[in-house]
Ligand code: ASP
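Okay, here we've got a single chain as C-alpha cells, the form predicted on its own, with questions on binding and movement later.
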C-alpha cells in the first residue's frame, strides 16, 4: 500500500462528545482555520509528525475542547492530562498519562518519544520528566483551565467526554497520529483512558494513521485503532474496517469517533455518537468542516 504520488492528507477532530442542538460554529471555524494552516505546512513539505504535533498543540492551548486548557477537574479536584503521538515510518511513539498542569501534553509526549527509551511516562514521573526538560508549565491552574465551547457546569456531573486529535500523510509518504485529552468529566483520580495508549487511542504505521475519541474504556476493550489498522492491512476496505470496530464499541455499550488517513490519501471521519467536531483536507479533496453531518 505504498504512497505513489506526492500527495498529502490531513484530518482533525475536536472530540465525539458533541451534543445535538448545541451551536459549534466557533469550534468549526477554529478547526477550519487550523486545517488550512496545516495544509500549508504539508504543501511546504513539512513532516506528518511535525504537523500532527502542531495541530494538537493548537487544539490543547485554545481552550475550546476537552483537552489541555479546556479540561475539567477530576474527582480529587485537579486536572490530569493524557496525550500520545506516533510516527508511522519508524513506529516510534511517546505518551504521557495523568500529567498535571503542563500547557501541552502532546509536546511532552513527543519528548518522551525522542528523549527516553520508553513509550509512556505517567503521574509524578511524567511531571518530573516534563519539568527537567523545560516544557511549559501552567502558571496558575486555578485561572488557566476553562470550560470549552458547548459545555456547561452541569455537564461535569455527567460522564461527558472529549478528546482532540490529528492524523496526517505528508508528501514523502510519511504518516503520523497524535491525540490528547483531559479525560471524562468527573473521572476518578488516576483514571486513564485510551488516549495515551499506543494501539487503542493512537496508531500510525506505513499504511494508516488513526486517532480515536469517545468513551475510552469501551475503545480499549474493542481494540481501538489497531483493530482498524490490522483489518485494513489484511485487505478490508477502510470504511468497513472502521465500521466493524465502531460496531464492536457500540455493542459493548460505548460511543466513539475516529479519524484516519491512509498511504493512498484516503480520509475517513465516521462516528457513532451524536456528533464529532472534525475537519479534513487533502490534495484530492477540498476543506471539509462539520460536527453533525
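Residue numbers count along the first chain shown, from 1. Predicted model only: the values in this text are computed from it and were never measured.
The following text describes the form predicted in complex with the ligand, which does not appear among the structures shown.
191 is the sole member of 221, 118, 191, 89 with a non-hydrogen atom lying within 4.5 angstroms of the ligand in the predicted complex.
The candidate stretches are 170-178, 107-115, 183-191, 132-140, and the one lying within 4.5 Å of the ligand in the predicted complex by heavy atoms is 183-191.
Of the heavy atoms in residue 165, none are within 4.5 Å of the ligand in the predicted complex. Of the heavy atoms in residue 215, some are within 4.5 Å of the ligand in the predicted complex.
When contacts are judged by a 4.5 Å heavy atom cut-off, residue 195 counts as touching the ligand in the predicted complex.
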